[in-house]
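Taking the form predicted alone, here's one chain by itself in structure tokens.
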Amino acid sequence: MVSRPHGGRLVNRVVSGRRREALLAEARELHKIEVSMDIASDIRNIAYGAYSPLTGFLTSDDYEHVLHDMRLSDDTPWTIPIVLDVSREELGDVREGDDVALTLGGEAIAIMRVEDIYGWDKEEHARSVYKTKDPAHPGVRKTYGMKELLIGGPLDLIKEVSYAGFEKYSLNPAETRVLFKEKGWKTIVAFQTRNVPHLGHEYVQKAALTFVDGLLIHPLVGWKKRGDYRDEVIVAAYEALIKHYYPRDSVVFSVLWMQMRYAGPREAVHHAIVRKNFGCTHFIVGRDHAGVGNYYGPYEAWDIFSEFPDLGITPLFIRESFYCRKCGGMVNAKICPHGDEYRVRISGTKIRQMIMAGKKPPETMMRPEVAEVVLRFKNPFVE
């Protein structure tokens, strides 16, 4: 059956009707804290249940447990701290127990009950979450740029907020659960990505799909590091792949507005938990999943799942694939007996270099329809 939400209940903190009107009026009188687009995406993911069982930003007790034990204080697995940072000036005279309005572009989008105000050690945070204190790591660099205080407590979403341009591709967890049920899918595998698809991605998706009822292709849109593919490029590339190479009734495509953190193994577990909340029963864990540079071992993101027998979603570890000219298709070392002279290794870095040079990657690396779509963009990469 479709997976139970993490923690047992799908959180819904989206306010509607008369209560929403009352809270919108209340927000005008409350102390206001302006948030970034990244924080706005976390607010939305909390409110719609993608981060179930969280009902708001972490209080200090939960924060410390997540940092050091990779679990919430009630022992529920949770690996990435979802926190709201503020400066003393922004906080003003707000005290624990007060309500504040969280604003985006000056407009109130949520009301938060401030249950906890606490300091934090950025270096300890970086070391625990990213396994490094090196500011060259994009997640660490971002951490060092955050403000000196964290505030935690439950929130209510009072104004719809979305990542502009991707509304038609966005499904919330309640919607995917209904959709999977309508399709009659009992087992669903999710594929997380921040890249345009090459043949290696297609291979692992279809290998996993062989054993389940349906596939959720779920790319992230939102903040990414320089050199990653732009969101609109990823969406257009997947539209082309699905149109030409997937049976219509086997795949659901939806984007997830959530920033990349590049936290390697911890983020792999986080990605799995989020997809569990969308109703998925299985999750494809990539080699060096959510990694960057050489900060994590190639299979650390696989090994960490052994620490979470109670995760409630099945990780799938599919071997690295390559194109074999002798076999005439995508294979892996377990099923291909031929030597290196027949094998074409698919390198994301090489594909990027070809695209930057305006060259079409060969069909042993990328579907021609996908390559053509990507090359239509003047600059397909984040600057």
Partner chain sequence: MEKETVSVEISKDLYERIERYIKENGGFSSVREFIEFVVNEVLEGEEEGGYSSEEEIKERLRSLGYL
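Numbering follows the first chain given and starts at 1. The structure displayed is predicted, hence computed values, not measured ones.
If you look for the form predicted in complex with the partner chain, you will not find it shown, but the lines that follow are about it.
| Stretch in contact in the predicted bound form with the partner chain, which is absent here, among 143 to 151, 126 to 134, 253 to 261, 113 to 121 (heavy atoms within 4.5 Å) | Residues of 253 to 261 come within 4.5 Å of the partner.
| request: Consider the chain as shown here, without its partner, and state which of 192, 205, 172, 76 has a heavy atom within 4.5 Å of the partner chain in the predicted bound form. | output: Filtering the options by heavy-atom distance leaves 172.
| Option touching the partner chain, based on a heavy atom within 4.5 Å in the predicted bound form, out of 179, 72, 311, 212 | Spelling it out, the residue with a heavy atom inside the cut-off is 179.
| task | Tell me, yes or no, whether residue 364 is in contact with the partner chain in the predicted bound form, where a contact means a heavy atom of each within 4.5 Å. | result | Close contact is absent here: in the predicted bound form, residue 364 is far from the partner chain, nothing within 4.5 Å, heavy atoms only.
| Might residue 19 be said to contact the partner chain in the predicted bound form, defining contact as any heavy atom within 4.5 Å? | Residue 19: yes, in contact with the partner chain in the predicted bound form.
| query | Does any heavy atom of residue 183 come within 4.5 Å of a heavy atom of the partner chain in the predicted bound form? | reply | Residue-level check for residue 183: yes, a contact with the partner chain.
| task | Please run the contact check for residue 375 against the partner chain in the predicted bound form: heavy atoms, 4.5 angstroms, yes or no? | result | Outside the cut-off, so no.
| said: Suppose contact means any heavy atom within 4.5 Å; which members of 10 to 40 contact the partner chain in the predicted bound form? | reply: 10, 11, 12, 14, 16, 18, 19, in sequence order.
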